[in-house]
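The chain below stands alone, shown as structure tokens; this is the form predicted on its own.
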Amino acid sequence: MTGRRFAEIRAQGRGALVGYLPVGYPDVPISLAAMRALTGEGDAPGVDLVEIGMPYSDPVMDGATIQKAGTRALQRGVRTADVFAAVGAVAATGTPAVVMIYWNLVERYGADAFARDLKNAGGAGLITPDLTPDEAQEWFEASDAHGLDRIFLVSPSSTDDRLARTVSSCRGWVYATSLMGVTGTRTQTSSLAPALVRRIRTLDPEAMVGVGLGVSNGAQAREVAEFADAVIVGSALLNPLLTADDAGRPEDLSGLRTVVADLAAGVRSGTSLASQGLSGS
């Protein structure tokens, strides 16, 4: 599963790179091409894990960039079932894929049916930003039945008790939000993130931790990879797609490829403290 993949990458002395894009933006076929581009082309390195977002009409975690793309995707007709086509497209490249989705959509589809179709498409698990472990019994059962990762979120404001329950409920890795707020690029990485990762490792030294929210370039990715197992990037990857769409060239993925190259170089340019067993010190 994805946690094992993070551990393999950590053993190589670097952090993993997780790239987020929503299915259906700028349209379904181009979004699938964009996700394939995320994984690298030819000899060019790409992301280590693709996080496929399912657009939602009432996103509580998404910032302005992801909301804009999600709204356009919904207006252009994306449907929940399209996420399985996206998972299949990514899985065919050999790069694992997880889906980030609001729980109401899974509940409406049927938790077990969603898990079954995700597994059949080649998916590795779900990130559920609005579902806490206390309310996730149905997802525990479905993810166990179909062998999927379940990735819950923690934040700097999580109490020690909440942190312990969430970390122990995750399978694969833990999604640590480095900021109090929504997604979006920032000029600086969060000073709260290293402390949050240390708290998680104090509870479970073996836990794999991905840090998201605010990373916008390779230098910031390198900085985060020095203390976390994975760096999660979304808005910075979407910005060039929005620019191309606004310019009337939605099929132009050149800007996306440039950002992927910068981020991939960033996580490969430093030595991960996590790989040295120092992240919890």
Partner chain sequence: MPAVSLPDATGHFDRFGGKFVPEALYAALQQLEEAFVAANADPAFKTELDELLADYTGRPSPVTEARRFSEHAGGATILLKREDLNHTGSHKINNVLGQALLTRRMGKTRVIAETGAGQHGVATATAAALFGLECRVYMGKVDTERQALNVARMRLLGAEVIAVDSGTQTLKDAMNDAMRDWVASVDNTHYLIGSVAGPHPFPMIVREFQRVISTEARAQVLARYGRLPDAVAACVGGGSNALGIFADFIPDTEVGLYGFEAGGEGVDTGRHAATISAGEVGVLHGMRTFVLQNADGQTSESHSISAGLDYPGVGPEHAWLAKTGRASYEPITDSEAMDAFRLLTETEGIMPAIESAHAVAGALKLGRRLTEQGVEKPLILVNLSGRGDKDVDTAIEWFHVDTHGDSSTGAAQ
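Remember, it's a predicted structure, so these values are computed and weren't measured experimentally. Residue numbers count along the first chain shown, from 1.
One more form of this protein should be noted, the form predicted in complex with the partner chain, which is absent from this view; the next part is about it.
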{"property": "Triplet Met61, Val154 and Ser157 all within 4.5 Å of the partner chain in the model of the complex via a heavy atom", "result": "yes"}
{"property": "is_contact(Ser168, the partner chain) in the model of the complex, heavy atom dist at most 4.5 Å", "result": "no"}
{"property": "Exercise: Gly53 in contact with the partner chain in the model of the complex, heavy atom 4.5 Å", "result": "no"}
{"property": "Distance check, Thr80 to the partner chain in the model of the complex, heavy atom within 4.5 Å", "result": "yes"}
{"property": "The partner chain contact in the model of the complex: Leu131, any heavy atom under 4.5 Å", "result": "yes"}
{"property": "Contact stretch among 83-91, 114-122, 204-212, 131-139 - heavy atom within 4.5 Å of the partner chain in the model of the complex", "result": "131-139"}
{"property": "Contacts with the partner chain in the model of the complex - residues in 236-262 whose heavy atoms fall within 4.5 Å", "result": "none"}
